[in-house]
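One chain is shown next in structure tokens, namely the form predicted on its own.
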């Protein structure tokens, strides 16, 4: 009899545990604000070759810009500007802020090309994401970030050199068109505030 009750008790316990798991409410997916850039349906492929939705960047503040890896003039200054902002942050703020460079030249900016720039410029993958969207999504991402670009006959691009600060839910908090190794003080102050605990 004891063995029977033990088996019954074990089955009853398993049933209660299963019902408890089924009845446990899951965390609700956060609703994005109306002005979030993450409403845009797009896919990014990063320097490690991982494809993920544009909206997956939500969850932490981000400094976002657009660039292309074969650019010899303005894009290296955009990277310098991101590094300058990062140097102006405490280690705790650096851990809370992500930096994203989105390619406007996805046909050439393969994961290997993106990884090459990340390695050459010492951009740690824990904080920096270099990624290419689908070709038809480049202009849409540029549009939500307020970045203008035009492809030239030689394959280069004329483009806005801007850094855009997004909050964790994809709202634009600040932007700057000052690039290079000296950060825009107002933009840096906004990034510091966004990275505060």
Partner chain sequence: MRVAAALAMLLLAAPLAAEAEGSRVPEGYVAMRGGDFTTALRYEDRPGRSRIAPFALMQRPVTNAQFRRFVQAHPHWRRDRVPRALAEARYLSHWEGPLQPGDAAQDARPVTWVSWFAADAYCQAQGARLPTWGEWEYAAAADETRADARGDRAFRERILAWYARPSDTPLPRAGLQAPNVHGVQDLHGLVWEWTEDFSSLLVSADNRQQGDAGRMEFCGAGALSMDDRENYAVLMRVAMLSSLGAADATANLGFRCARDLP
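Numbering follows the first chain given and starts at 1. Computed from a prediction, not measured in an experiment: that's the story for all the values here.
The same protein also exists as the form predicted together with the partner chain; that form is not shown, yet it is the one meant from here on.
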Does the partner chain get within 4.5 angstroms of any non-hydrogen atom of residue 40 in the predicted bound form? yes
Check whether residue 140 has any heavy atom within 4.5 Å of a heavy atom of the partner chain in the predicted bound form, and answer yes or no. yes
Closest heavy atom of residue 62 to the partner chain in the predicted bound form, within 4.5 Å or not? no
So in the predicted bound form, does any heavy atom of residue 144 sit within 4.5 Å of the partner chain? yes
Is the partner chain in the predicted bound form close enough to 46, 175 and 184 that every residue in that trio has a heavy atom within 4.5 angstroms of it? no
Which of 134, 160, 56, 70 has a heavy atom within 4.5 Å of the partner chain in the predicted bound form? 160
Within 4.5 Å of the partner chain in the predicted bound form, counting any non-hydrogen atom, which residues from 71 to 105 show up? none
